[in-house]
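Take a look at this single chain, the form predicted on its own, given in structure tokens.
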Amino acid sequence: MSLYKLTPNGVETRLFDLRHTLESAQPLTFFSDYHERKGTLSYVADKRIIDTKFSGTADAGRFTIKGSALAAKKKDILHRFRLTDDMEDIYSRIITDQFMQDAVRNYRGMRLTINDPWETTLCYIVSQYNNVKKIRGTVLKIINRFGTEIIEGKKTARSFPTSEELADATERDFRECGAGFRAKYLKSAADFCTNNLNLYKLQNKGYAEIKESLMEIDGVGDKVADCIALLGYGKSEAFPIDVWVKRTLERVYFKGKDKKIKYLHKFAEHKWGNDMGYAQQYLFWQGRQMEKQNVRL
């Protein structure tokens, strides 16, 4: 059976769950308009409003797209939700133990997404020492303040502002959007990515070169650079380690013993190879949800 099928007004999918994907703290979590009960999703990409509904199950689902420019919108959905990924094959490689088997069972169909590199950079600078609700609030305020209005039929939205559109913004502007101490890093990143680093010219580079370039941006350290490489460029060999991933790795695989980040990177590389980005997403979300439910790892 094929991994996906294009239909006249949408895309049919296999092994895809929209709710798990959107709830798992990826860039679209921070700015898209998603209604779980209705299965509707709306976001802006390439100055177009992508207004879609997902129906069905993780094993057999369907995106139905509204509006015009359907070919371009299907292409964006295919790319953004990585619908060309063979999840059966990926699962066969990342299910290396009981913890990962449970994670895949619980969040079957959760995909990594690939997003605009600048969107991803801004979102993860805002994410530092922050929670999803506050990240989303800040990002939406930046979009509403600096984004360009898009009108498609009766629907209106604002585009995600480019680094060029934000280059004239001040630290105060970003603080007024709720960025706090991150305001200076957003200001610096907007300037740097407008004048010194073209994020889009990194598209065809390898993971190591992309990460090295990203870390030239003030406020982008190892973890944030890995987030951008993974979710802005689709580099599945990236393995972002935040406090939740570190804690989960240590508790599940090292009996709670403290391990250095470099050691954990090597451990992940050895255990999951080039699929470690996918392994990280399942590890992160399973560990995070177990913590919320007070389930001992």
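From 1 onward, residues are counted along the sequence shown. What you are looking at is a predicted structure, and each value in this text was computed from that prediction instead of being measured.
Absent from the display: the form predicted in complex with the DNA. The rest refers to it.
- The candidate spot formed by A25, I217 and D242 lies fully in contact with the DNA in the model of the complex, as each residue has a heavy atom within 4.5 Å of it.
- Contact annotation: of the candidates V132, A71, A167, A208, the single residue with a non-hydrogen atom within 4.5 angstroms of the DNA in the model of the complex is V132.
- For the options E88, E212, D222, D102, the residue carrying a heavy atom within 4.5 angstroms of the DNA in the model of the complex is D222.
- Although the partner is absent here, K53 lies well away from the DNA in the model of the complex, with no heavy atom inside 4.5 Å.
- Using a 4.5 Å cutoff between non-hydrogen atoms, Y200 does not count as a contact of the DNA in the model of the complex.
- When contacts are judged by a 4.5 Å heavy atom cut-off, T13 does not count as touching the DNA in the model of the complex.
- The closest non-hydrogen atom of F146 lies beyond 4.5 Å of the DNA in the model of the complex.
- Here the chain stands by itself, but in the model of the complex one stretch of 176-184, 71-79, 148-156, 91-99, 176-184, has heavy atoms within 4.5 Å of the DNA.
- Relative to this form, in the model of the complex the C-alpha atoms of F31 and L122 separate from one another by 3 angstroms or more.
- Between the C-alpha atoms of F31 and L18, a gap narrowed by no less than 3 Å is obtained in the model of the complex, as opposed to the form on display.
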